[in-house]
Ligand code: ATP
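Presented below, as structure tokens, is a lone chain in the form predicted on its own.
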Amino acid sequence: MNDIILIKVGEIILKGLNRRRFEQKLLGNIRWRLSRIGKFRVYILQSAIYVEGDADADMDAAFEELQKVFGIVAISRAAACEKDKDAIAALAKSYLREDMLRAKSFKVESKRSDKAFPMTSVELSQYVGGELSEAFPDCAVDVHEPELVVHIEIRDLAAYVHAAPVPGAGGMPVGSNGVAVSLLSGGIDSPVSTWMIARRGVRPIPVHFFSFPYTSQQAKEKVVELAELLTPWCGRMRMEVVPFTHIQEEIRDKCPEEYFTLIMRRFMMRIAERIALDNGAKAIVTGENLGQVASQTMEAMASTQAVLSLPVLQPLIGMDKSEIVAMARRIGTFDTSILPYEDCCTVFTPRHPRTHPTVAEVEEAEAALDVQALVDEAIRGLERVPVGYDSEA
């Protein structure tokens, strides 16, 4: 019995002339993910991806790993046989024996991609369904609400039998839509926004602003852990850690208090853009959520983004906090995000922040600073932290 993993892709099939580029990116991501598990053959035919392992391959581990690969909408453990109705029926009875014994009802759904196969999909479903009903008389046929659906696919190379597919991560292959710098703090929002932009095919470069000794080493390690938690979804990343202490002290000493947060955010944007341009990134990603805090009003965001030439992507902009928390729980970052370590955004927080500033007002408030020198100093002090399965390398 040839046990394989059968993968269905999502939006890639709509890509027209660009489709092959997206397919190749997804195949490359799958091969990289599976390389740490064992030896696998990965190939694509008729808009489906096939994963075959060698004799020692851990198919269970591969199946679990593939559920976190963006670009995949459904995954099935399947078995293959020759394209013959009796061989297919025999395979269904043996491969799905345990499923049939557990279920109280079933139906068969067939898909005939190979139109040379002599039976229609309906005829094949009826034939295999009759064979299964005879072999498992305690499992009734129910074509409307079956407990078990037996799937049969007739494709170019073989016939495949599998039970219900497991949902994949969806989205598009990481790297297929370019590179972006993603601001990563220790809070709940920014890991979720990084995950969401990666799901749209963007390879993120996480950037963290570190203000030692106002923020502790444990706070920095927390953010590194958050980045590590994202790597099963996003792949390997290199986190850029920005020394931010001197900038915040200069803002505290020379700028009006009500503008502290806005000016700090403008510096973050400037530095993030420098990092982006140095790494070929085409956008800045933030975890901002409209109206959530004082610096996330329309006017405040306009004043902080005014220093940029690159676009700002805000995946969370219209979400409720409860939705963001639910997403953080789903992707596994929530428990780390709520650890009680401060980040730079809580340093020198103004008592009465300006919520509806004009750009001119903020520019006047930061006029006492040598902006370019401070940005250059921060860039010179960057610390690069590799995160991912082979981060030790």
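Treat the numbers as computed from the prediction; the structure is a model and nothing was measured. Residue numbers run from 1 along the displayed sequence.
We do not show the form predicted together with adenosine-5'-triphosphate (ATP), though everything after this point is about it.
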Look at the stretches 88 to 96, 229 to 237, 138 to 146, 284 to 292 and give the one with heavy atoms within 4.5 Å of adenosine-5'-triphosphate (ATP) in the model of the complex.
284 to 292
Could you check which residue among 110, 176, 190, 303 gets a heavy atom within 4.5 Å of adenosine-5'-triphosphate (ATP) in the model of the complex?
190
Only one of 183, 271, 72, 150 comes within 4.5 Å of adenosine-5'-triphosphate (ATP) in the model of the complex by heavy atoms, so just point that one out.
183
Residue 265: heavy atom within 4.5 Å of adenosine-5'-triphosphate (ATP) in the model of the complex?
yes
At 4.5 Å between heavy atoms, is residue 172 in contact with adenosine-5'-triphosphate (ATP) in the model of the complex?
no
Taking heavy atoms and a 4.5 Å cut-off, does residue 162 contact adenosine-5'-triphosphate (ATP) in the model of the complex?
no
Taking 4.5 angstroms as the cut-off for heavy atoms, does residue 296 touch adenosine-5'-triphosphate (ATP) in the model of the complex?
yes
In sequence order, the residues of 18 to 35 that place a heavy atom within 4.5 Å of adenosine-5'-triphosphate (ATP) in the model of the complex are none
